[in-house]
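Below, in structure tokens: the form predicted on its own, a single chain.
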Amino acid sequence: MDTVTTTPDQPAAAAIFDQLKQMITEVIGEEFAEEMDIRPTSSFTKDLEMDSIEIVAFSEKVKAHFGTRIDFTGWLSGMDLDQLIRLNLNDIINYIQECR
């Protein structure tokens, strides 16, 4: 799957980013999240150091919050390992905006 390079709608993207950041904080714990600089360009593996179990928990939160139109797990399953390693919050923001 190709990486999406579109520029997200800024107000909507900011609101989605805030929600995703809150979900990440819930998954990894507030004490760890406070030590990290979570940005839209943060990658899950390198920057946030999330393991596969945490990513699955995060994807369940995305599905619960944004609804079944956002098939986050299905979208992730279509990616190869390199794409998953490079995945960042901007990719997810773009995906959510495309699905709405």
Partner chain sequence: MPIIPINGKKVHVQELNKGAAETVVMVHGMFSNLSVYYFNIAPLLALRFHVVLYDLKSHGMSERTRDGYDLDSMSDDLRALMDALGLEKVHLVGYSFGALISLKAALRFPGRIDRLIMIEGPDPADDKTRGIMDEYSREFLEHYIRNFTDATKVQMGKRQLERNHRMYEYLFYQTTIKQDMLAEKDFFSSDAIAGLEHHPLLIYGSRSNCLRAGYFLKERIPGAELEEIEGDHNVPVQAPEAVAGVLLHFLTEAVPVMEPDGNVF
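Predicted, not measured: the structure shown is a model, and the values here were computed from it. Residue numbers count along the first chain shown, from 1.
The next section is about a form of this same protein that is not shown, the form predicted in complex with the partner chain.
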With the partner absent here, would A12, L20 and I38 each sit within 4.5 Å of the partner chain in the model of the complex, counting heavy atoms only?
-> no
Indicate whether I70 is a 4.5 Å heavy atom neighbour of the partner chain in the model of the complex.
-> no
Hey, in the model of the complex, is F32 touching the partner chain, heavy atoms inside 4.5 Å?
-> yes
Is there a heavy atom of D51 lying 4.5 Å or less from a heavy atom of the partner chain in the model of the complex?
-> yes
Just to confirm, H65 within 4.5 Å of the partner chain in the model of the complex by heavy atoms?
-> no
Quick one: which residues from 78-95 get a non-hydrogen atom within 4.5 Å of the partner chain in the model of the complex?
-> M79, L81, D82, L84, I85
